[in-house]
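Just the one chain here, laid out as structure tokens, in the form predicted on its own.
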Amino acid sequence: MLRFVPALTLLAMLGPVIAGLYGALLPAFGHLPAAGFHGPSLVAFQALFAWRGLADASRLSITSGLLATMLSLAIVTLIVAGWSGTRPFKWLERALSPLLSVPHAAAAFGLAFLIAPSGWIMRLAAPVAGFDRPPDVLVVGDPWGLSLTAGLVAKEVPFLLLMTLAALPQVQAARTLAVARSLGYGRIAGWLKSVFPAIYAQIRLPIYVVLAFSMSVVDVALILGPTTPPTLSVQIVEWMGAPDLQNRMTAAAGALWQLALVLAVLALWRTGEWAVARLGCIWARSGHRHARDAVIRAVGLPLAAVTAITTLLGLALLALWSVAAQWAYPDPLPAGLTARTWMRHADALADTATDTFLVAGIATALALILTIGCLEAEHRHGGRMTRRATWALYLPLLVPQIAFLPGLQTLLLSVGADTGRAPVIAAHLVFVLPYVFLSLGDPWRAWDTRQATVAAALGATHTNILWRIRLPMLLRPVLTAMAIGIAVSVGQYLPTLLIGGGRVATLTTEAVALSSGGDRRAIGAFALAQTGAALLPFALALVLPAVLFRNRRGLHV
């Protein structure tokens, strides 16, 4: 039975992606019988290229994606190269790690409350600058997508930092850097020349994921991005929601155009890797030590600290707005506190929270069963994770959601399978499964198999070893993987919106929907509830093992 689990896992992960791309391909080339088109034709692409905002929307997708990825990678490289192994780095690591679970939408709302003309920074500056009303400047939704880029950087820095921290032990970074320092190299130069090439090889795929996601994100772009025109992914969602069915063909053509943009930028990035590698070899052979790097080293820590503080301050503002009574501009704090907002939205919060946990719980449970099945099959049959399997694992994260979800929605509509929560759960599973597998894979493989050998010698079966020894000992990483899976599911906006067809409402979809209304108190309540839904499983993953193993510290890993 276990032999079939890897194939089933691939089907659950890649099946919707392939079906969605196929579903986008047909209407993009003029085949949509429901709208009276029986193709093939190029009418959809003609409508797409006739849209005047296409050039600006494509530019926004490319620039925001590239800028967010390069800035995130630069900040992570500076902080790890300059400060890894030090006390400030450990403090920063503790501050940034929990931020990984903060949903993108909540982080974006927090940033908007902070930097908007009527936001908290302007309120603090108002007495000095003499403002008695918000200045007439376009900060949130600027036409260059700078606030959108800032919001993406705030979320991607913790992700890339954790990926880098996981890769450090595999390349013996501390020992390699010590050798470089003994040869007279500065800390930054020594790390870049001796450690960075090996680290980059380990985090290349996560960087590609960040690039593809940043180019095609929808919820963050709806909150922080420009509107005239919006980013290409946001415009595709608008076409999908239009009453005229012909717009679905334009949306399908736009989805393929978005996929082509992502593939082109990934190819450009790969070419850049080759160029940087050649220049890096020339720099390394030059022998320059760059021992005086105190200024560059000092830049990394504040940048990373600003990233953490911005997100934490944004969450604090969400909490404050959710209980604010009268809060006029330019007062830095509300005149009073009240629970009126929470009481007014209590029923809606309870209903959406129920749906959120139901979808996230089932999707995560399925992902966990499939992951454990794959890892156990790998253990029992002596298999190994090949490079091709690794690419298959990352594929659902590399293909932009907006490229295949519209096609998947069209396919589900055509076969009448678009009702209920089941399609939404299946769509969430596509994105939850890779993260659960990646978080549980290394601890599972690192488990001391001599425990299983001893148990087998005493007559235990494979099933008994799994349920009575391995899973109890791996409870902490299993709970952590579940927490990551739930956090990923809670943050999913586009799969819930498109596949649910508006009939399944989660905390994320409701919070993003409120952004168009401008009710900051309601936004604060829903965004804070969304953050709490993502953080609660992490708290349980920390507390439960500590309680269960309080008298058996040597049992768990």
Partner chain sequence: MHRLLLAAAFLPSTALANPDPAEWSAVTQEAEGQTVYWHAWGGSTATNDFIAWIGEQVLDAHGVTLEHVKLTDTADAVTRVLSERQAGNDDDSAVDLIWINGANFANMKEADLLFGPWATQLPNYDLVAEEGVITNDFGTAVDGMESPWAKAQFVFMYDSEDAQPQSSMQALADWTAANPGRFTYPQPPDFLGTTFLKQALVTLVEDPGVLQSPVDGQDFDAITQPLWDYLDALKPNLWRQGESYPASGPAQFQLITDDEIDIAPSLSPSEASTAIANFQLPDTVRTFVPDGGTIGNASFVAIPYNSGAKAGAMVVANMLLSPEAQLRAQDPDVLGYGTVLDTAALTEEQAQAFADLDLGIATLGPADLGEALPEPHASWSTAVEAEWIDRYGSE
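Residue numbers count along the first chain shown, from 1. For clarity, every value in this text was computed on a predicted model and none was experimentally measured.
There is also a form predicted together with its partner chain; it is not shown, and the following applies to it.
Residues placing heavy atoms within 4.5 Å of its partner chain in the model of the complex fall in a single listed stretch, namely 511-519, out of 40-48, 60-68, 527-535, 511-519. Residue contact check for Gln451: none of its heavy atoms lie within 4.5 Å of its partner chain in the model of the complex.
Shown alone here, Gln409 lies within 4.5 Å of its partner chain in the model of the complex, counting heavy atoms only. At least one heavy atom of Thr228 is located within 4.5 Å of its partner chain in the model of the complex. Among residues of the shown chain, Tyr329 is one whose heavy atoms approach its partner chain to within 4.5 Å in the model of the complex. This chain is displayed alone, yet in the model of the complex one of Gly287, Pro472, Gly85, Gly241 has a heavy atom within 4.5 Å of its partner chain; that residue is Gly241. The contact with its partner chain in the model of the complex, taken as any heavy atom within 4.5 Å, belongs to Arg340 out of Arg340, His381, Arg204, Arg468.
Within 4.5 angstroms of its partner chain in the model of the complex, the stretch 101-127 places a non-hydrogen atom from each of Pro117, Ser118, Arg123, taken in sequence order.
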